[in-house]
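This document starts with one chain, in the form predicted alone, laid out as structure tokens.
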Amino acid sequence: MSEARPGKVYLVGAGPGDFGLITLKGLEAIQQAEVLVYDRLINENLLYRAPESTEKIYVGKQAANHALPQDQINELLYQKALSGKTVVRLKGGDPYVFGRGGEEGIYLAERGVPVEVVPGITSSIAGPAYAGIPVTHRDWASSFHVFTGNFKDEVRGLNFPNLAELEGTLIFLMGFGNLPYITQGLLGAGKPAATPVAVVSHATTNRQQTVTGTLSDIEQKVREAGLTPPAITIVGSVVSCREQLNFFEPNRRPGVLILRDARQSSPFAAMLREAGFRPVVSPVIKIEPLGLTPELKDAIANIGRYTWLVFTSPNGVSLFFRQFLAAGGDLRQLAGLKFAAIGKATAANLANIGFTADYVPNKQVSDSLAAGLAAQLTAADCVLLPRSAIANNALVPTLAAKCRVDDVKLYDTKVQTGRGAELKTLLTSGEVQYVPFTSASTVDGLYQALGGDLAPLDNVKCVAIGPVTAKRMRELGLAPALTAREHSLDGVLAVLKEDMQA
């Protein structure tokens, strides 16, 4: 019997932080990953592009705090590949630019594991570019030199006499804590004190901040500005180009925090990008399908007894038809039913299946759906209502007053509380300016993730998708700054655009 063949490991560069700077090939690798092993500083949006079944393992490192030592990361990749899995090792920037990708690749290759490298855009080039600094320019620098500023001792440090003689641009990565050592070393080796220097913090993200100065004063300016790592240090005359080429910081897009389930985030994120916003995904809820429950199984087996099929969310549409077809249902069995949808998005999802909604209320709220549909029902009707397990409104009592209603639970909405620290940073750092709540459950999710502390929301504008969500916000002590007139994602986007242009 032949031995099982190992899987394959892709060493993928995720780019410097901006979601849009992933390569197409890198994104394709993520989309086929069975195991995703990822670093610190990876844009969260990339993680949600992997299949829902993908095993995600965080192995990020920061100064004196390694989630997993490098030798254990190497072995982890090997063991996952040995089990036949397609493994994506997602690394910030480029895998081979101070990313230990070479170490990981050799470790795997020596053990017979196929390895493919997908280069990424390195922060050593993208960071300066986003700060308006070209790393080369015919008038000032015909070369650039990249160094790590993260080292254990001076013996393994930098040869400053050699560096000081270089005519090109000097770029130091991961050296924020060693900025005094770098500047004093260059000065001590004879580099002119007036040499331009820039320090770029959180490059290519909405938190990007750049401080410029000279070798003699950059330390003080960085302290005064309160810059925080990660940061890139650029030394050379090309820094002067920033005055004309600083395209990003003056025109940065307002950040919008997306709290929805990760699998629902992409369409909203695409809408925001097209409208000039910068989506920041940090889910506080997760949609969990309940599967083919006895109640749902009975409803599908007896689908002919219903006259109306009523959906209160796009989730309900997708999950119902998934279970219907998985249970052996035939769409032709639904030919005699009428369909109701709570709003345009739900109706659009229904149309994608091939059915037109017979009734959509003017207002996308359960009360409007209940009142409008009840007016069309008679005692001879029978309604199937597949929806969320946490739904709590007057829809069922209102409809049940007219005819039989089977309220079948399709999915549950679970609060995710593990992102509290990340959310507080996003809310207080200037990374986001708007927080749209697209359901009452997102309100509960954020509230619980923050431990009930609403202070981080003081400097952002909170947006309610509709009156039910706004009511829940007020119950928890959070007043909406904006409320969508049309209770949909389009409505949320409309009020965001109006406020941005005001």
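Remember, it's a predicted structure, so these values are computed and weren't measured experimentally. One-based numbering along the sequence shown.
Keep in mind that the form predicted in complex with a small molecule is not shown, yet the notes after this line are about it.
Contact check for H202: a heavy atom falls within 4.5 Å of the small molecule in the model of the complex.
Using a 4.5 angstroms limit between non-hydrogen atoms, P230 touches the small molecule in the model of the complex.
Contact annotation: A299 falls outside 4.5 Å of the small molecule in the model of the complex, judged by heavy atom distances.
Contact annotation: G93 falls within 4.5 Å of the small molecule in the model of the complex, judged by heavy atom distances.
Proximity to the small molecule in the model of the complex, defined as a heavy atom within 4.5 Å, holds among T169, T183, T346, S123 only for S123. Checked against the small molecule in the model of the complex, the candidates L41, L27, L476, L454 yield a single residue with a heavy atom inside 4.5 Å, and that residue is L41. Contact annotation: the small molecule lies within 4.5 Å of heavy atoms from the stretch 169-177 in the model of the complex, the single such stretch among 239-247, 169-177, 322-330, 288-296.
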